[in-house]
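Only one chain comes next, encoded as structure tokens, the form predicted alone.
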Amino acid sequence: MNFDLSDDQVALRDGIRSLLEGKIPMSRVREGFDRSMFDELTNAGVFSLRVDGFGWADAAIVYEELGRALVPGPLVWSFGRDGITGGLDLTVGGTRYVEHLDSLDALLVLDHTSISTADPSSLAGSPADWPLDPLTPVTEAASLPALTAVGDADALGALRAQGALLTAAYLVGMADALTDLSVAYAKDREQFGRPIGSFQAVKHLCADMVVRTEVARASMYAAACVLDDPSTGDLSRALSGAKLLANEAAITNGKSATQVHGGMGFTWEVDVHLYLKRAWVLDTHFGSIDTHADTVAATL
């Protein structure tokens, strides 16, 4: 496989990056998700890429940029659907949480064998006072509303595969952004009269972050290519490998970025903690590190 981006893909990447830098800077991200943000992404064609003739590799490029900018909202669940769509996965077990409930137009409910829809306004529950990610409000579902089946096991498998890819792409973008934040800080922050980036320990942290991100990106692009053309590889193994490495890259880079920033890394003013908390949340979406590690191990 050739993982070099085509000229059209470079233009797509640069276009969505420019849009996000202009329309959704970090100052706006910190305000949280809202309808106007969703409408701007919709008008830019983010959620209709497949309908507009783009492949899954192209969609992965766009979602990598969304992750780099840490754009909040149920972006993966809304892909290819009308309106703001959220999801509730009943196969995870334990306490059931719905993200961004107050913003949803529709709710997808996944079980072991099918996909159903529900009216989010009729879901009973209470919002969490202290969600792990402060930009991702969650509601604990006390009971489920009436469900309408809309997809069988095959549709469920396709949705999980597509969701795993787009989430992996988002996580890779986050891992890359964390690397950039750390390198920039290491160049500017001085200690003992020298930039901290000149110290070997900090160099190693930043170098490991780069390698971790590039390995995850290559795996994610490979999975996107297989999803576009399943004859090119084992789709289940490719997707699990991509989501596993993307989870690890975003979480570990978040921890490393916190170390590079020192005491500042724990403060609200520095963006690092927002990326790390989002990475922890997204590890639970469409399969965790442990889940996908078991899937990959089963293929060996």
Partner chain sequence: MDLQYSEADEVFRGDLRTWLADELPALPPQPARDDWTARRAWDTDWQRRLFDAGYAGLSWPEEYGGRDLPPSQQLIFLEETTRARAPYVGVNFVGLLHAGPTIVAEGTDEQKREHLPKILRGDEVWCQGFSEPGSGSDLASLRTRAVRDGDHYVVTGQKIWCSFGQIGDFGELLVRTDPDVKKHAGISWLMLPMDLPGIEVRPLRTVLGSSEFAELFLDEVRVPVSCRVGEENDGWRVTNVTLSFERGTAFVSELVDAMRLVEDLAPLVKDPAHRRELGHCAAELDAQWALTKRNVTQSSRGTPGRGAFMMKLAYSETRQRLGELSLRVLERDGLVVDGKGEFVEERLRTLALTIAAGTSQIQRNIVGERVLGLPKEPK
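Numbering follows the first chain given and starts at 1. Please read these numbers as outputs of a predicted model, since none were measured by experiment.
Heads up, the form predicted in complex with its partner chain isn't pictured, but that's what we're talking about next.
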Original post:
in the model of the complex, which of the listed residues (Ala158, Leu132, Ala207, Val92) lies with a heavy atom within 4.5 Å of its partner chain?
Top reply: Ala207
Original post:
Looking at Gln162, Ser219, Ser116, Thr85, which has any heavy atom no more than 4.5 Å from its partner chain in the model of the complex?
Top reply: Ser219
Subject >> Proximity of Val76 to its partner chain in the model of the complex, heavy atoms at 4.5 Å >> reply: no
Original post:
Does the 4.5 Å heavy atom contact test between Arg237 and its partner chain in the model of the complex come out positive?
Top reply: yes
**OP:** May I ask you to state whether Thr284 is within 4.5 Å of its partner chain in the model of the complex, using heavy atom distances?
**Re:** no
Subject >> Touches its partner chain in the model of the complex: Asp290 (any heavy atom, 4.5 Å) >> reply: yes
Subject >> in the model of the complex, segment of 164 to 172, 224 to 232, 98 to 106, 118 to 126 with a heavy atom within 4.5 Å of its partner chain >> reply: 224 to 232
Original post:
Among Lys187, Val211 and Val215, does every residue place a heavy atom within 4.5 Å of its partner chain in the model of the complex?
Top reply: yes
Original post:
If we check its partner chain in the model of the complex, which of the residues in 9 to 27 reach within 4.5 angstroms of it by a non-hydrogen atom?
Top reply: Gln9
